[in-house]
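The chain below stands alone and is given in structure tokens; this is the form predicted alone.
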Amino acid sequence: MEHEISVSPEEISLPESWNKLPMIAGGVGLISLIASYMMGHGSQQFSFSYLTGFMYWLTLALGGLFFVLLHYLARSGWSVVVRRQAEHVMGTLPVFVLLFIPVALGMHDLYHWTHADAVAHDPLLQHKAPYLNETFFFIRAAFFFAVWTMLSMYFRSQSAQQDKSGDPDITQRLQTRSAPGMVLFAVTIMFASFDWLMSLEPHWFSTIFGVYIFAGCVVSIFAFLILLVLQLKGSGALTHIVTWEHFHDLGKLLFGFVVFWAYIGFSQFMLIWYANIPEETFWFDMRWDDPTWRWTSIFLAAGHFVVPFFFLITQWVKRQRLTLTLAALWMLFMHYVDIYWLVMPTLHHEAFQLSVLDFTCWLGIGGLFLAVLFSLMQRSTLIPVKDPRLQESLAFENP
């Protein structure tokens, strides 16, 4: 019988230095959102800046849900020691119900199809009206949030229950239910991306747009988990629990989904460019005809794929604290550039331009997201202490 690896209580508890972070993050978030509202109340800029920040942090939270579902679906053993942090990230999803309210209130600034006079003079919008109408829009949004809240709360509560009971059947039950959960996740993230991002330009459509959003969502969660766990280790937690073997695998997954994002993004562009149909190509024209947007597009392609591809391809980068931290920070930054590139040309189609609201809205929503995240981390151990595969994860080594 293999020797059982023990863990100390200090390693699996949130460091004391983190205890004030929920209050600090929440305070910064609230102040930033209030400042954003006061500076941009009633303006289109506020609505677009808020949507950009909202989608950035929402996709990160959804990435946490995907990680947990994938962990159980794949019956993974190595990732047990990092799964709890993903559970905390997905635990923020119910908060986004409240954070969606400004998006709903600003939808007439965001979505051209909400204007009756525009629909009356546009045959295509009339054709899409059975789907693109405000009532059905809110019904779908309620369904999306209900599914995400249900999945996140169920999987988190079952994991917490196992911490107390040690019942191995809970793992088996979650493995079984992760399959329908993944189907619900795939359907909801796809249609949410159609509703909240693609319908900014209601004349344009792409059948793989939802997959593109999913790819960015997964890149962001792996980058965030790497950064979060590295910071915990730097504060004295998880010191002998999460090893460089685990970081190596997280780095490999980050690298893999960087490539997947590029594959989906290029496939979407190539198919539309090759068909050369004006109803489709105008979306990319908006991001290429103007020199400032053209350079933004080039920067996105280089920064989200070329640079991280050659940086992360080597093994040593994924096993060093400094290089892995830089890679994670860079990919989180590029994820924002990606969301900005999807949203802002609708408002600033003549030229790329930044606004202070872009930063304050991102910081405000992010502050509240982190406040909830740190609060959840305070309430439980940093690893699932009675998971039946914990010892396997603690002893994990790359082949």
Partner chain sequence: MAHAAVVADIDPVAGRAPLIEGDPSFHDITEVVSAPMEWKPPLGWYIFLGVSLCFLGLFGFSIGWLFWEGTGIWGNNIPVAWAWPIVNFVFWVGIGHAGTLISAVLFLFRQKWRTSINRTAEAMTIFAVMCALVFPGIHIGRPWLPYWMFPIPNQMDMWPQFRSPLMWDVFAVSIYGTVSLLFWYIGLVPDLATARDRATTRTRQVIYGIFALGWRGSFRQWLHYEKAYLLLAGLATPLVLSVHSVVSFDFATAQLPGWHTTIFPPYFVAGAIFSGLAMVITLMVICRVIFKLEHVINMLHFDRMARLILLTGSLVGLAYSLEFFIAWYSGTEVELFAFLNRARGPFAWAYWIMVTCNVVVPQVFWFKKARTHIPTLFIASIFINIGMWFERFVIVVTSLHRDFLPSSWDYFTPTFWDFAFFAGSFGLFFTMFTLFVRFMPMVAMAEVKSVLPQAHVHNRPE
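A quick note: this is a predicted structure, and the numbers were derived from the prediction, not measured. Positions refer to the first chain, counted from 1.
Beyond what is shown, the protein has a form predicted in complex with the partner chain; the following relates to that form.
Enquirer: Heavy atoms within 4.5 Å of the partner chain in the predicted complex: does Ser199 have any?
Expert: Judged by the heavy-atom cut-off of 4.5 Å, Ser199 is in contact with the partner chain in the predicted complex.
Enquirer: Are any of the heavy atoms in Ala275 no more than 4.5 Å from a heavy atom of the partner chain in the predicted complex?
Expert: Ala275: yes, in contact with the partner chain in the predicted complex.
Enquirer: Going by a heavy atom distance of 4.5 Å, is Pro388 a contact of the partner chain in the predicted complex?
Expert: Pro388: yes, in contact with the partner chain in the predicted complex.
Enquirer: Taking the partner chain as it sits in the predicted complex, is Gly234 near enough to touch it, meaning that at least one heavy atom pair lies within 4.5 angstroms?
Expert: Flag for Gly234 set to no.
Enquirer: Counting only heavy atoms and a 4.5 Å cutoff, which of 246-254, 87-95, 226-234, 286-294 contacts the partner chain in the predicted complex?
Expert: Among the candidates, contact is made by 246-254.
Enquirer: Under a 4.5 angstroms heavy atom criterion, identify the one residue in Val183, Ala302, Ile139, Leu105 near the partner chain in the predicted complex.
Expert: Looking at Val183, Ala302, Ile139, Leu105 one by one, just Val183 meets the 4.5 Å heavy-atom criterion.
Enquirer: Counting non-hydrogen atoms within 4.5 angstroms of the partner chain in the predicted complex, say which of Tyr154, Phe310, Tyr263, Phe282 makes the cut.
Expert: Exactly one listed residue reaches within 4.5 Å, namely Tyr263.
Enquirer: Decide yes or no: are Leu132, Met190 and Met270 jointly within 4.5 Å of the partner chain in the predicted complex, with each residue judged by its heavy atoms?
Expert: Per the other structure, all of Leu132, Met190 and Met270 touch the partner chain.
Enquirer: Going by the partner chain in the predicted complex, which residues of 204-222 come within 4.5 Å of it through any heavy atom?
Expert: Heavy-atom contacts to the partner chain in the predicted complex: Trp204, Phe205, Ser206, Thr207, Ile208, Val211.
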